[in-house]
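Here you get one chain, nothing else, as structure tokens; it is the form predicted alone.
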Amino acid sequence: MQTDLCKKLGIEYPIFAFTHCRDVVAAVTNAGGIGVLGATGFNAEQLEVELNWIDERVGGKPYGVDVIIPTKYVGKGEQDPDKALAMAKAAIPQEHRDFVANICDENGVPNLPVDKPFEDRISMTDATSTPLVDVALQHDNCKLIANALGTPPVHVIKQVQDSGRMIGALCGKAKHAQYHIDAGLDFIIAMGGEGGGHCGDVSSIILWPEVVKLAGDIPVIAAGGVGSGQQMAAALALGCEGVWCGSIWLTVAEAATSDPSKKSMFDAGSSDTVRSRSFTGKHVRMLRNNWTDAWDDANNPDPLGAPMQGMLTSQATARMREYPSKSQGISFSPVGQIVGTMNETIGARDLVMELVTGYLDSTERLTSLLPES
């Protein structure tokens, strides 16, 4: 399993674990894979705390950081976070604010306590994500930066590569991969529509070999519906250099996922997810629930674009986090179609070993099908 990308990063297994939980990052990195921390929910000061915590626990082993700087969004080019925030606020109609508040009220989610006032914030912009890259590059153990939406800005690509790190980005279509190739990225994450979170609509089995063929010598990491060693073997058989998994870490023992959210995932089948713009303004695969149904109703407002929709819904998600047991009917649960096989809680290290064992079993089976010489 020592692909060229494994050798370059100094990891044992080509398993890239995307997660918003620092405990999972450390556990997967220590198990021989590489944890990648989703940083979008943090500001620069908070990310510094998270990365210091990880540094203290991985013993010099590598990890990565994932940011979101979309190729297109309202206010693109504005480098002042306060001005970007003001532009987004001004673009949100009161009708949408009322609609979001009503969804929470009608589903029995209380308002935030008076001692926890909500403060508007904006994310998924150059102005908010570039400082996160600055922080990440101050940590020697951070060996890669990934951009979740589109090709990173030229100045970010140069900054990361000049530091000796690798930078890559996700894509959901072959034409998006070509943008990454033209920009000179170091790796490409080809994410099929089965995946959780921001994704396109092309299936993994079609997308992976298509991007591999385009990419040439640029390593491609397979994402979208990878939750077993058998699927990892399929990805490597199609020419990928590793697998990028996100959903399967949501229910491991180290995950910060709330118990109600875990139960929702355990109860869900592979057909219980939907691609929706209702939380971020970009298509996200998540569990279908009363929230997604409300936004799909033709009589209700359409989701706004990025970053306004994410800003619009941030207060609602704060209410959901405060009252998880009362929010199951509408909570934001980004997860892929692999959720149908996520039925138990095990440790992250054990899950890494399951992936490795499943991969070895699959390759042995394929070898057994060859004719004897």
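Nothing here was measured: the structure is a model prediction, and the numbers come from that model. Residues carry their position along the shown sequence, with the first being 1.
Beyond what is shown, the protein has a form predicted together with a small molecule; the following relates to that form.
- Although the partner is absent here, L132 lies well away from the small molecule in the predicted bound form, with no heavy atom inside 4.5 Å.
- Contact check for A148: a non-hydrogen atom falls within 4.5 Å of the small molecule in the predicted bound form.
- Using a 4.5 angstroms threshold between heavy atoms, A223 counts as touching the small molecule in the predicted bound form.
- Within 4.5 Å of some heavy atom of the small molecule in the predicted bound form lies at least one heavy atom of G246.
- Stretch 192 to 200 is the answer when you ask which of 267 to 275, 292 to 300, 84 to 92, 192 to 200 has residues with heavy atoms within 4.5 Å of the small molecule in the predicted bound form.
- Remark: none of the three candidate residues (I11, Q161 and D186) comes within 4.5 Å of the small molecule in the predicted bound form, counting heavy atoms only.
- Of the candidates I34, A27, L312, I68, I68 is the one whose heavy atoms come within 4.5 Å of the small molecule in the predicted bound form; the others do not.
- Residue in contact with the small molecule in the predicted bound form (any heavy atom within 4.5 Å), chosen from L250, V212, C142, C104: L250.
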